[in-house]
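Given next are two forms of a protein chain, the same chain in both, each as structure tokens and marked structure 1 or structure 2.
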Structure 1
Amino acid sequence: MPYSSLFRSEEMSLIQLYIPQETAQPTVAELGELGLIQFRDLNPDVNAFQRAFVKEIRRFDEMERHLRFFDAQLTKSDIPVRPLTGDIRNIHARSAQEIDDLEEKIIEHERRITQMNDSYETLQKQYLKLTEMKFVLQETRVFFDEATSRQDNIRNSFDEPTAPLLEQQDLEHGSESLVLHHLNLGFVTGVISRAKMLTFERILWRALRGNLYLKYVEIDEPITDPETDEVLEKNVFIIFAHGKELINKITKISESLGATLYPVDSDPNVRDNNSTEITSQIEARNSVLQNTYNVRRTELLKIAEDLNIWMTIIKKEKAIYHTMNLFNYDSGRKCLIAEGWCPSNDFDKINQALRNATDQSGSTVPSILNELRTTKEPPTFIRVNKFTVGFQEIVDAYGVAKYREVNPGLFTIITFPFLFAVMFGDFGHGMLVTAAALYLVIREKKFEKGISDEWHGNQTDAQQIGVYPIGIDPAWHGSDNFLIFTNSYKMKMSIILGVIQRDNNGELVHSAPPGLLNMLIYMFLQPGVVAEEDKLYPGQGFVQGTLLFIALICVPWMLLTKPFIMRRDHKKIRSQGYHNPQMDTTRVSTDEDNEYGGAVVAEEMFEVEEFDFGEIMIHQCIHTIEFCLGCISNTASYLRLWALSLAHAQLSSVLWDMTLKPTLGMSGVLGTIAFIIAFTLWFSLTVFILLLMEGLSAFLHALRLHWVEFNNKFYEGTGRKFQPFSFKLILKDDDH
């Protein structure tokens, strides 16, 4: 039994499950908790609403809708929902009866809440009306008072013929309203939302050709609309106008624009009486409103206790029936037939889960697990942990490995932090980033986000000794590239090794660094000849010549070997008398006589392509050219390692020189102040530019080196990810 590793996808098997109908639901629930099987859809031709368990799903949808309604109500009332505690494994429906009870409970709660909402809304509406009425009375009093006081003004104004024109106009209005008042002519009072005031005024003006007198006052208190729960700002207005006709028109316009009209008596005494009456009414409503509010809140608090549990149960149940919709039904044997992929290592666990489910439901008929032989390509499953998941995600973002293809994730774990460190290349800064990462890791439980990969990146970063020679010529790696092509993914490893080697070598040749560059160039230009002063070790000329020769040999080797080996293998198979099956599809059916279509089970597609030597040769040709060109251009691409680390080092030294260094020499009070300012500046720039920005750019370049330069050497990445049916994943998805 192969062990799971990061190197290749785990071995997967296509399995077939026969689940007795009566234990189907608990069995699937158990498998959902286990989360190890990716079920295949066995009825791809069946419409969503024609599947077997649509009725159940719809029922849960409906229950979910009720729960969402509760959730919305809770949010509106600012009541927090109690978070889930403990293992979500324990939250599940134990029987069909429990689901029925739950449904009843939810519906009952909903009925009560809706009822309370309705009465609360009605009460609130009445309350709103009364409040508005109160404001109308309050504010119109001011208008009327003004009108009365203006009466005196008018008297005065007649005595003063020199009064300015504007005031004159004002007075005309005043006299009008006064006359209206005295002649018992009409006015309209009401409340309108502030946003509509301008339109309202404009339309009135046009409709009445200016024959009106409109006053309005803003209500300071915001008023809540009971229907939408929006806070509205409103204005009280009073309009005076001539004649019944016009008053009717004003009323109509006001009503159509959504204003609420409140009749106000023109007699001040009646108004006062009304006012006191309304105030007492408001008080009475207030207490009723408060009571209703409290009762509703108690009910909601009760719901808040259990809401998350219900939600989890229903989501799980829904997922179960969705999964069961993928199964086939064998009516003859009263069992469901499921097919799916699972890791071959986990047969025992699955069997155990099946047994548990059978035992718990007290059934005597066990579920049966079969392994099917198939030529279908299985999904890729690479087990990751908290530590490796980050790196695997980097690889998956580029492409998911084909089944059993070598997974670059393994190498990425080593090389990614390494390349990052080379570019970031500063021990001190590395320590700071590590400290920050450590803080995040320690608080991880709180943040609930996997930042462990970053942590790791920085760990390695910190381990990397900051001082290493700058100006490494990456051409060195180039020569390595040629050497190893058969196991091309190893090449990358060796490039990295090359870098490490170079680190050591760098220390050795510190005395004459430029010699190295020339030496490598001349290695190609004059094979086998090494200038005496450049010699690093005896026999260097021979070694270099051999390396170069091997590199050249490798090109035709790469081009020809694979196609010819494949052709030989193919011929061998042919000569043994095998050939491609004529039938493309075979159906393995357990009982074909069953007229209900019973158990059509495994549908095997033999997708064996005809062997075509020419095609393979062309492909290989393309790959070879690509690889050789890539060796040169990609090598140049590794120069970014140098460029970035250089930039980082230079930037830090510039920053140091320009800010902190000059102040170190100063003394006295001035020096201290200058130091403090300079230190703040230096530190914040260090954090933002050197740590954050540079860290980001180093990350980005490391990413690119992996995706473009590393992965394209060997990695196809055309697989699909294993997506098991797992409650944990489903619930997690829904949360976001």
Structure 2
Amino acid sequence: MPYSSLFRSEEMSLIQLYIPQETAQPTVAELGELGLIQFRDLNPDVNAFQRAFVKEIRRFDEMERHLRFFDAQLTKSDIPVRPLTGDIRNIHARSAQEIDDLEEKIIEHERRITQMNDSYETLQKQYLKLTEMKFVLQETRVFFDEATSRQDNIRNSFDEPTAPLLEQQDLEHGSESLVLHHLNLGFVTGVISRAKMLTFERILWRALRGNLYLKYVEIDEPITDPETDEVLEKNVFIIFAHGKELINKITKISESLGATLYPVDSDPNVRDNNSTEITSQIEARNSVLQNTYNVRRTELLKIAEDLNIWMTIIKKEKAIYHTMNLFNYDSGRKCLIAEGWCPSNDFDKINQALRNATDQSGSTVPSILNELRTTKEPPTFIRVNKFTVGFQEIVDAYGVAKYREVNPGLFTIITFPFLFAVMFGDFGHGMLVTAAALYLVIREKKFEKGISDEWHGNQTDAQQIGVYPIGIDPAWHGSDNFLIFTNSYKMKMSIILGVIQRDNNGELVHSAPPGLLNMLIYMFLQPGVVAEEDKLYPGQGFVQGTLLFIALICVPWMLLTKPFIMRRDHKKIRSQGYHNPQMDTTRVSTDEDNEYGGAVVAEEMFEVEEFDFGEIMIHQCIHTIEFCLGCISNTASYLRLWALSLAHAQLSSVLWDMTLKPTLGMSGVLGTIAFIIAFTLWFSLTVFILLLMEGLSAFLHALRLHWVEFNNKFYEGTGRKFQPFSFKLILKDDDH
């Protein structure tokens, strides 16, 4: 049995399943719980609306729509949905009868909720009209009281259409209705949005040429729109005018601007009776509204208990039939034929899942599993855990490894934190980052629902100089040549680390400080010659010359060896009579009784590309040139280790000197206050600049060193990720 390793992807097998029709749904459900098979589409030419299980998928789409409606109603009513507890495997796929019962239950809940919503909305609209009518009666009473306490001086001619109707003078004392009748006055009352009041007033004034008397007042109490649940600001208005034509014109203008008109009698006794009746109706509507609200809330609380369970069941069932649409149906054998990729190590688990599905369904016909031989490139599957998944995602963001290609994720686990630490370059700040990471690890269970990616903190270790286990000699801090020393030290360290990571070998020797850059330059300009002051060890010139000679030999070796080996292998295959093997590699499953001619599955199982020596030579030449140029440019790129590490150290020093250091010599109360203020400023800037901004910068540069300088030496990253049919992954994607 092949072994599992992070170094290379899992060995994969192409399998074929024969699933009896009566056990297809429970079998696919069991495989979905297992999550180890990536099914292939055996009906690529069939339209999505013409597949076998479209009817079932539409049915579950409709049920899902009902559940989304419930969720919207719960959100609107501020009722929390009960979260799922335990393993989602406990929420297993249901039988056909259980699905029918669930559908009936969901439809009944929706019918009741919809009916109560309609009743509640109708009651709210009636309540809104009664409330507005109450305010209209209250405010018009004030208007009429003012009108009866004044006298009105009417112009001599009512026939002049441009003459103003009323002026702000007292009306004659007497009955309101008699006064209005005597003057041939009519009035319009209603409610309009406060935002439209100014526009309303201007249109009326221009349309009626000033022949009106308008009075309005704001409604202080909030009014809620039953359709949108928005709080509306409205005004009550009354408009006096003479003549039916003007009254009709006012009515049309009011309705066009969305005003609601209410009839009000001019007799005060009738108005008082109407006010009393409306008040009693409002109290009755309030009681009915409260009862309807309580019943509706009780119904929604019942739904909230099971909504997530129902949603999980529906999503699983829908995914099952989507997957079954990828299968082929053999009408002769009354079974479904499926193909897919799975890890070779998990054959036993898949067989066990098939047996479990057969036993649970009570069928006597088992499902059959066959392994197929093929030259198709399998998907890439690399097993990860909570620790390795973060580093593997960094690699996959660059490109998924080809099948059985060396996986850079294994090296990234070591090199990424190390290069990050080199650029971050501060032990104290590294301890703060580690403390933050430790906090996230401790609170992982609480955060895992809202955080999909894992955060990893890394403790940084500097290079050892002399007897100091961590960092460099403290005597350098504050010295005049501190920057010169650290600049040279970190630059040389960056070049050495870059060469080590690229070539995966290296040797550090303690000696007098060498001129490393000059030594590398003269290694090419004067092969085999090393100045005495630049020697690191005896025989260095011979070693450098030998390495340079080997490097030169590697150029034609890289250019010519691979193409000629491939050409030799191709000629060997042709000489044995196996040219164009793809001409006869069609796999056909037949059935003599099949009315469609017996062909059930027909597909090319082998993919063989035509050999073109010229194309291979051009491709190899491009890669050789790119590799040779990269040896120089990529090594220089590792100087970013020097630049970021030096910048971080200098920023730390500047921040200390300009904030906290000046307050250390101060004494007394003033010194204490200054120290507290300076410490707060220093710590805040340290967190936001040195930890967050510098940490992000170091992370991005470490990412670049892995993606560009490291991966391009050996990593193609042109594979496709293994995406199995898994309920866990489907539900996780839906949650996000």
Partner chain sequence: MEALYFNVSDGYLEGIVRGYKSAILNTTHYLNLTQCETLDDLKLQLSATDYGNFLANEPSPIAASTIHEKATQKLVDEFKYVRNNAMAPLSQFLDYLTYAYMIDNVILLITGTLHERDTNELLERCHPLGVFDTMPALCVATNVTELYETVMVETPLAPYFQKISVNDIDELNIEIIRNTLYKAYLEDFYDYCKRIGGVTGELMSEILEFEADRRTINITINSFDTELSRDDRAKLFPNLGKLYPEGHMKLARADCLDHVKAVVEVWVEYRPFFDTTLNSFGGAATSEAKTLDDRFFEYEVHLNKLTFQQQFHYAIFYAFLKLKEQEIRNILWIAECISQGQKEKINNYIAIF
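Superpose the two forms; the largest set of C-alphas matching within 1.5 Å is the rigid core. Since the model is a prediction, treat every value here as computed from it, not as a measurement. Each residue is numbered by where it sits in the sequence of structure 1, with counting from 1.
Could you let me know which number goes with the form predicted on its own? Form predicted on its own: structure 2.
Core superposed first: is there a CA shift of 2 Å or greater at I553 between structures 1 and 2? True for I553: a C-alpha shift of 2 Å or more.
Can a Cα shift of no less than 2 Å be assigned to D426 between structures 1 and 2, given superposition on the rigid core? Shift of 2 Å or more: no.
Quick one: core overlaid, is I565 moving 2 Å or more at the Cα between structures 1 and 2? Yes; I565 is a residue whose C-alpha shifts (by 2 Å or more) between structures 1 and 2 when the cores are overlaid.
L198 CA shift between structures 1 and 2 in angstrom, with the core used for superposition: So the C-alpha of this residue moves 4.3 Å.
Hey, core superposed, how many Å does K234 shift at the CA between structures 1 and 2? The alpha-carbon displacement, core-superposed, is 2.5 Å.
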